[in-house]
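Next up is one chain by itself, shown in structure tokens, the form predicted alone.
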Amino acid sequence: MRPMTILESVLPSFLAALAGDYRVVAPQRVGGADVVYADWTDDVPVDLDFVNTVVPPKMLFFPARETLFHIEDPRHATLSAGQEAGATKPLAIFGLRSCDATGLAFLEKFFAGRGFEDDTILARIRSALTMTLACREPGADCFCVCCEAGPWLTAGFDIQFSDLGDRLLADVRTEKGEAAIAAASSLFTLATPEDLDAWSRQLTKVDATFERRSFMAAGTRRISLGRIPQEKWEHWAEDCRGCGGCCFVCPTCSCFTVTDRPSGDDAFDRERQWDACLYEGFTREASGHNPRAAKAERLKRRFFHKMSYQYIDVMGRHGCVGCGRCVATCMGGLDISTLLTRIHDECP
């Protein structure tokens, strides 16, 4: 489908046209400074001028806490579905940043691999209409340009919008995206050569304005080949607070734990909750043995899972999309970008 344009002033009308078939979610400003992905209503303006949200939109597809099923009378167990009531419409998420769309594709592959599929998460991802919004200006913590994850994409979206000022350029790549445009076809016009020239100039400008770069290749090579001395991991780990923040804000982190919680007389809810590989008890075994009791071992494990050739071979890419959230979150300077720079500088 040829590129189209839509005036920013009629964007709410487009989202309204989608609302019949989808649960529409869009970026909205809260508290004056922060932006979150929240259910769209026509009385709340869509924020187009933001760097990134504090929490990634993965939580819309992989909730931080979710009841998987209910258990009645465990001795003669009767199970019933635990899906949230009313969650019948698929998601239409507008304003996904390229890094988050790349992270969502990573999660889809993770939950579809290893010989089984997690239908609770995959159904949400595969039914969703994903509408990305290419960045006009990267933040100081962003480094997606180093990670093949932005600031614009060539695949992995239904519609990619680019902000040209008073209008948005729409690049449609899927039949689902074409159907969405067709639902509000009167709001769109074919992009002109001038529109495409403006878009091209914007891409060149954005690419040149990244402040943070990251030594991804060097870090991957040295982590994969075990060329980082143990004493380095131990030294760096002294700065880790074990808070798990880097995991919770990461678009590709997928660790979770499962617990059974009482929900009545002889009844329980089985819940899935986000977990963090930097927590001391994450790999503790039922016997009480903990193969990664030391912070250094947990830090090493995290970076091996994120950056090693072994995981790239399985997942098709490394586990970082350069969104910069861990840079803003980590109190010890152990975010992906900073630590890869330290590996490059300190471990030749």
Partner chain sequence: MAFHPSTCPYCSCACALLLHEENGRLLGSYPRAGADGRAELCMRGWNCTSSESHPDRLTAPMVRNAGRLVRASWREAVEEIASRLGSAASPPLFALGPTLANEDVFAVRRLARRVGGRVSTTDLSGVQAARFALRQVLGTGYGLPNLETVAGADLIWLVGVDLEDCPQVASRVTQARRDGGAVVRFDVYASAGGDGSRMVAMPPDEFGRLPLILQQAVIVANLADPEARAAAGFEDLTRYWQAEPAGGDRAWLSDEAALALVREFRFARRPVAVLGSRWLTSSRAEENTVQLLQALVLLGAANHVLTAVGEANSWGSLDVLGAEARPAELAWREAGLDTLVVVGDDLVRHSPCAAALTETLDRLRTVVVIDRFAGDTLRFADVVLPSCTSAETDGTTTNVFGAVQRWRRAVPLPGDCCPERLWASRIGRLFGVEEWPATAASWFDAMRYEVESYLPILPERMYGENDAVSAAGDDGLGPPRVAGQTRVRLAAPAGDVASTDRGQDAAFPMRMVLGAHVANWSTGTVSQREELLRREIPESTLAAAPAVLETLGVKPGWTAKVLVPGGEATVTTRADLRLPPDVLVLVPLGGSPPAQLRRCCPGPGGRSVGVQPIPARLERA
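Positions refer to the first chain, counted from 1. Owing to the predicted nature of the structure, the values given are computational and were not obtained by experimental measurement.
Although it is not shown, the form predicted in complex with its partner chain is what the next lines describe.
**OP:** Counting only non-hydrogen atoms, choose the one of 194-202, 259-267, 142-150, 163-171 that falls within 4.5 Å of its partner chain in the predicted complex.
**Re:** After filtering at 4.5 Å, what remains is 259-267.
Original post:
Would D39 count as touching its partner chain in the predicted complex under a 4.5 Å heavy atom rule?
Top reply: Heavy-atom contact with its partner chain at 4.5 Å: present for D39.
Original post:
So, in the predicted complex, is A16 in contact with its partner chain at a 4.5 angstroms heavy atom limit?
Top reply: Judged by the heavy-atom cut-off of 4.5 Å, A16 is well away from its partner chain in the predicted complex.
Original post:
With the partner left out of view, is C243 within 4.5 angstroms of its partner chain in the predicted complex by any non-hydrogen atom?
Top reply: Answer yes; at least one heavy atom of C243 falls within 4.5 Å of its partner chain in the predicted complex.
**OP:** Report yes if any heavy atom of P45 sits within 4.5 Å of a heavy atom of its partner chain in the predicted complex; otherwise report no.
**Re:** Contact with its partner chain, no.
Original post:
Only one of V249, L107, C135, L129 has a non-hydrogen atom within 4.5 angstroms of its partner chain in the predicted complex; which is it?
Top reply: Residue within 4.5 Å of the partner: V249.
Subject >> Contact residue in the predicted complex, from V55, I312, V51, A296 (heavy atom within 4.5 Å of its partner chain) >> reply: Selected residue: V55.
Original post:
Listed by sequence position, which residues of 274-299 have a non-hydrogen atom within 4.5 angstroms of its partner chain in the predicted complex?
Top reply: Going through 274-299 in order - heavy atoms within 4.5 Å of its partner chain in the predicted complex - the hits are W274, D275, Y279, E280, G281, F282, R284, K295.
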